[in-house]
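In structure tokens, one chain follows: the form predicted alone.
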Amino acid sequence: MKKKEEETSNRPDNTAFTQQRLPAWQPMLSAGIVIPGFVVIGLAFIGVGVALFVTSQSIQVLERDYTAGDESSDHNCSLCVNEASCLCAVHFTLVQQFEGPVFFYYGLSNYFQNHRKYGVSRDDYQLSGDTSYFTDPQDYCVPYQYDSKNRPIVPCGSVANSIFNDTFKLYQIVGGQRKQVPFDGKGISWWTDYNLKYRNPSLVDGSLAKAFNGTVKPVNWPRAVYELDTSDASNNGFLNQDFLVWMRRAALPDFRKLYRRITEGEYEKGLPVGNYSLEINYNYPVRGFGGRKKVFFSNVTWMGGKNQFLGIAYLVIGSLCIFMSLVMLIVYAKYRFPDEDS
């Protein structure tokens, strides 16, 4: 009797909800619904695809490869093939106005930033400004955790150590004279990186450098992290814009990263027709892993930078929807049952 009472008490309430007796609706898909639905979806996708493709075609892109050791008529960077650091230049001519704002990128190929061991070789506690990890970096940073004298490296790890360090200056050639085109490097990193993910340590006696006492710079860096930008004190430490751009790793082995924008002065509306010279401080080695270095000038639209894949993908999916609607219409017309018309 007791057992029967326990079983009764464990039963759910006899309601429509607990006994799953609520009214339900199930769509009845018929040819009259599915075929027009496919047509509408296909036309919508084709319309979006055409808009994306046409917009992408209107974006201007200028690309130049300046890998040292390659003979080229538009650059002399072959002079830098055996030099640790040297100057070279890429020359180009614009035959039409390059509409602004103009974005300037550097690009690398055959560079696997998405490799797992490379990607985890960093100390996020360091990068968030936690000074307790300055003197005791995490093991993820090996082999760039300590230097040869067992001094802690800040920022540690392979990602930080391999930061891209070529620098660029752009000149317009006017009447045989060089006129420098101003670069704008503010706000080129992701907002979340600058405002949330990365933090500088608290100042010690009003000095950022003193917060890094007892540490050393990464092996391949010419200067410490607190003096990356000698012209702007606010652009130093872990909040340096170029550092933040590099630390956001690329997903593919061929990638480009934003270096500067051209938005100031007489170049606010773009680069006018004429001859230009891009002066390069050639530092970053790529021939050891078969990589290449490029520079890109590009403008953007409402859809972002030049990307034909997205428009083509929409066109292909839309066309497939239209094609499938025709196939279903033919099958329906040939094999439908007589009682479907009643």
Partner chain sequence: MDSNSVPGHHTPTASPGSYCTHTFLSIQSWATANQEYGFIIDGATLSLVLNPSPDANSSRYKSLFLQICQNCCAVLCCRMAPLQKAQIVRMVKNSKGSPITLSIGDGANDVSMILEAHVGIGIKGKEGRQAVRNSDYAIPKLKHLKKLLLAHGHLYYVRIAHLVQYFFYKNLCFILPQFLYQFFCGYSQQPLYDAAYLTMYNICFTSMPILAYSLLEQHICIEVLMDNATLYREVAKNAMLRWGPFVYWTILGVFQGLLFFFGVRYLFSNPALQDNGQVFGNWSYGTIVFTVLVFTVTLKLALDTRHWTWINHFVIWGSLAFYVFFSFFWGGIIWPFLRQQRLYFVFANMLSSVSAWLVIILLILLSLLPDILLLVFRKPKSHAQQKKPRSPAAGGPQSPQASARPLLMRTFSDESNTVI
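Numbering follows the first chain given and starts at 1. Only a predicted model underlies this, so the values are computations on that prediction, with no experimental measurement involved.
Same protein, other form: the form predicted together with its partner chain, not shown, and the subject of what follows.
With the partner omitted here, the stretch from 263-271, 168-176, 201-209, 109-117 that lies within 4.5 Å of its partner chain by heavy atoms in the model of the complex is 109-117. Contact with its partner chain in the model of the complex, judged by any heavy atom within 4.5 Å, is made by just one of W221, F92, Y125, F183: Y125. Between the options C88, L239, V216, A250, the residue in contact with its partner chain in the model of the complex by a heavy atom within 4.5 angstroms is A250. In the model of the complex, its partner chain stays beyond 4.5 Å of every heavy atom belonging to G69. Within 4.5 Å of some heavy atom of its partner chain in the model of the complex lies at least one heavy atom of T192.
Although the partner is absent here, N283 sits far enough away that none of its heavy atoms falls within 4.5 Å of its partner chain in the model of the complex.
In the model of the complex, Q60 stays away from its partner chain, with no heavy atom inside 4.5 Å.
In the model of the complex, no residue of the candidate spot (V40, S277 and R292) has a heavy atom lying within 4.5 Å of its partner chain. Counting a residue when any of its non-hydrogen atoms is within 4.5 Å of its partner chain in the model of the complex, the hits in 185-201 run G187, I188, S189, W190, T192, L196, K197.
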